[in-house]
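The chain below stands alone and is given as structure tokens, in the form predicted alone.
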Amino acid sequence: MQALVAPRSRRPPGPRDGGLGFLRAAGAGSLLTYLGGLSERYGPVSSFRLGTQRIVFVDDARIVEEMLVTRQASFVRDRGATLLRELVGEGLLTTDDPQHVVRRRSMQPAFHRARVVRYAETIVRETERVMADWPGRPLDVGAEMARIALAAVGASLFGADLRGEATRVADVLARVLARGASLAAPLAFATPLLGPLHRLFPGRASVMFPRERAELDAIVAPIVRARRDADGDDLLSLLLSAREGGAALDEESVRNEVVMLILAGHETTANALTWTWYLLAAHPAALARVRAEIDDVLGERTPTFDDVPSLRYTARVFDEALRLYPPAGAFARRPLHDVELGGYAIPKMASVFVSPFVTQRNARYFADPLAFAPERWDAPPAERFAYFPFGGGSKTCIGEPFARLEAILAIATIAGRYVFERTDAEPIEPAAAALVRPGRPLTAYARRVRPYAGSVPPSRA
């Protein structure tokens, strides 16, 4: 239902610098700090003008829930989706209803409980395979978590071995993030030009990331071709057999979804796991409690799906890592008509930002919000959307059940065998706004803490 703007509602407060502070922050990779500063200075709803575009920032759990759930039909994806669409094309992560709900319905069975149960064995097996060559050498923990996540996504969702593609995918993603940071702010002015550019270069899937998209297609195309000629019931098989509007999905649509899931499905989990190990390395008492739980639940064996409900503290550690370092630092929606949020008038098609990173560190919702305290999850926050690392509403991340299962099983598998000992003790800060990645590598040695009991033997003692 369309909400009318109250006659006395007013524009949200905010800086009157023509958006210069926003542009400087976006260019320097400090957008999250800038958004947090807006909330501290101007309150839970603030705004400013960037050229002809009104930018709004919301740091209020109830308003976030209003945008993402109760009034979600009044909002569509913002220009960030346009930038993402340049890489992954039209698909689940970049479209709005009705296209979004149709595509989600096609893919949802791959994440039903019966299939997720079967993924558990694959996740543990792929984690063990990556772990096998850790002893005796310094590790880039983030790169190793990416190897695990990419292997788990490939084997579980596509029936493909992607372990050898981790470096290649990481290189593509690094280039995309670097260029995307510089393009995000100008895109507010340049979006109307994308249509003519695509007509000028009709053979290009992307005019902003042509090389990167071509490299990803080179990885994905053989996987899609191989699955067309084989029976299966994984996600890729579902996409190849899906019918939308009475017709099968075309090759480009299938490749778009596979590219999206390879990038989003491994990058977000890899980052979350890297931050988890960073936090556990800094909090030995929490690590000891994780290991004690693993000893109690698993003993010498590796975890299974049935063990996950018993790994309660391990799950709380992951929840707390996601609170402090959510995969997506901020994202935005655009209202389809003039709306009122928090008593303020928001014009049609304004860019309304929300930030899991900022709101999940807000002292209104979490005591001592910057502290790593997994035990706080013994009682959830009073406001549901004080915590939304996977978004919310109909556009909640479709892979959330898979990501949580993967993370808990990977933590239990690794912590049951190794402790990461950092090569330095210096703090690590997030690098950019789009994805909350570590600003520099987390380097460590994997010290074995018990005899290896997994199904894949280590390559050396």
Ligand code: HEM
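Residue numbers run from 1 along the displayed sequence. Quick caveat: nothing in here was measured; it's all calculated off a predicted structure.
A second form of this protein, the form predicted together with the ligand, is not displayed here; the remarks below concern that form.
Here the chain stands by itself, but in the predicted bound form one stretch of 322-330, 372-380, 282-290, 338-346, 322-330, has heavy atoms within 4.5 Å of the ligand. A residue is said to contact a partner when one of its heavy atoms sits within 4.5 Å of a partner heavy atom; residue 38 fails this definition for the ligand in the predicted bound form, lying far away. Contact check for residue 269: a non-hydrogen atom falls within 4.5 Å of the ligand in the predicted bound form. Interface membership of residue 100, defined by any non-hydrogen atom within 4.5 Å of the ligand in the predicted bound form, is confirmed. None of the heavy atoms of residue 34 is located within 4.5 Å of the ligand in the predicted bound form. This chain lacks the partner; the member of 85, 255, 316, 77 within 4.5 angstroms of the ligand in the predicted bound form by a non-hydrogen atom is 77. Note on the partner interface in the predicted bound form: the residue among 403, 410, 58, 67 having a heavy atom within 4.5 angstroms of the ligand is 403. Residues are counted as partner-facing when one of their heavy atoms sits within 4.5 Å of the ligand in the predicted bound form; in 112-130 not one qualifies.
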